[in-house]
Structures are given as C-alpha cells and as structure tokens.
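Here you get one chain, nothing else, as structure tokens; it is the form predicted alone.
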C-alpha cells in the first residue's frame, strides 16, 4: 500500500484561481510521460494534447469557454484531444481503409481521458492545481477553426494547470456504496435512498460556503434541457463515424 498516493488522490479539488508564472517545460514533459503510462486499448494511444501560449488565442478561448478567465491566467493551458489522425495517416500510407466507426471514437475518448487523469495526478504530485474545462465544447467549430485541427482530431476538453492561489476543500462525493454494487444493479428505491443521503452532505457543504440547494436540485437543472446539441455533428465533420 502507498498511503502517500492515496492521500494525494483524496486531496484533489479543482483550482480556479492561479498564481502568476508559467509551468516549466520540464514539468510539463514529466507529467506527459506519466500520462502516457495510463492504460490504452490495444496500445492504440489515440490521444494528443496542445499547449497554448499565444495570448490572443487564449483570450479567444476565454470567450469560447463562456468567459472563464482562468483559461488565460493559469500557468499552462492545454486542449486534450482524442486523436486518430496518426492511425488514418498510417492506413493511407499503406493503402488500407480506416474503418474504426463508433468503437474507434469511443477508444479515442477513453484513451484521452485516462491519459488526462494520469497527467493531472502527476501535476498535483508536483504541487500544481488543475481544472478541467468542459466549456471548450460550447462552440467546437470555432475551436477547430482557431486551432486549425485536422480530420481525425477531436477536441474534448481544456485543462488549466498552475500554482494554486486558493485552497478550497475537496468537494464531497457520493458514498462508495452508491457507485459500488455487488452482483446486481440496485433498484430505484435504493438509488433514491443513496441520493437522499448525499443531498444531506451537500446541503451542509453548500451552506458552509454561503450557498444553498441540494445535489438533486442541481442535477435536475443540469439535465432539464439538452445542451451542446451540435457536438455529434461536429465530431462527424472531423471524421468520426458514430455508426
């Protein structure tokens, strides 16, 4: 058992305010190498990542992510992508078709997510804070034009990294029993009971921070209406076959 590793994982929290100063290139490279050690389906390694430094590009991404100023104020900003470009290029080189379909797209998304989580844990082990930026998907065609991403490259989310300028407490999660099921999936009554228990925890968490509500009410609002409805069309335009 490695208690230090467990302590690091349990201490995770999203950081939204960063101190000035870039993340050194050697730290980025070290974190990338750690990210690459994540599991990858059949060693496909269907991911890549862009580090963006151009102030004009970063300010435009602030707009595209819904006004998230930390995108341009963190020590390093990245765009994590599912990437099957290299596989397409290889297939074209030897005159073979590229026929990955939906499974190929899912492998790219999963591979990229596993890579990113390893990467983030590596950064956190070096004392940095991180924040995933799902707002990158607000306007993917604009992101694609801004970054000139070729066919087979699927931008999935942004990532802010830097020295924390705040010290928030980790946000409580659902109880382990709510996500670990023995043999069979629980019935709806058990699911609702676990949600009620978590609502009590989160109500106290919000109240300590001068807010209100429950996890339930926030999730109800989150999924009340569809959003980012053009994502499938965008990924198809980038070459993804979702059939």
Ligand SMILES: Cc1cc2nc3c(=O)[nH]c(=O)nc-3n(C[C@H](O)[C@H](O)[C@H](O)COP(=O)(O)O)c2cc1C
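Please read these numbers as outputs of a predicted model, since none were measured by experiment. Residue numbers count along the first chain shown, from 1.
Here the subject shifts to the form predicted in complex with the named molecule, a form of this protein not shown in this document.
**Prompt:** Looking at 101, 173, 92, 86, which is the one with a non-hydrogen atom within 4.5 Å of the named molecule in the model of the complex?
**Reply:** Contact with the named molecule in the model of the complex is made by 173 alone.
**Message:** Going by heavy atom distances of 4.5 angstroms or less, which of 153, 119, 112, 133 would be at the interface with the named molecule in the model of the complex?
**Reply:** Partner contact (heavy atom, 4.5 Å) among the options: 133.
**Message:** Please determine whether residue 45 contacts the named molecule in the model of the complex, using a 4.5 Å cut-off between heavy atoms.
**Reply:** Output for residue 45 is no: heavy atoms all beyond 4.5 Å of the named molecule.
**Message:** With a cut-off of 4.5 Å between heavy atoms, is residue 68 one of the residues that contacts the named molecule in the model of the complex?
**Reply:** Yes, residue 68 sits close enough to the named molecule in the model of the complex that at least one of its heavy atoms falls within 4.5 Å.
**Message:** Can you tell me if residue 17 lies within 4.5 angstroms of the named molecule in the model of the complex, counting non-hydrogen atoms only?
**Reply:** No, no contact at 4.5 Å.
**Message:** Partner absent here, but in the model of the complex, which of 78-86, 139-147, 103-111, 124-132 has residues with a heavy atom within 4.5 Å of the named molecule?
**Reply:** Of the stretches listed, the one contacting the partner is 124-132.
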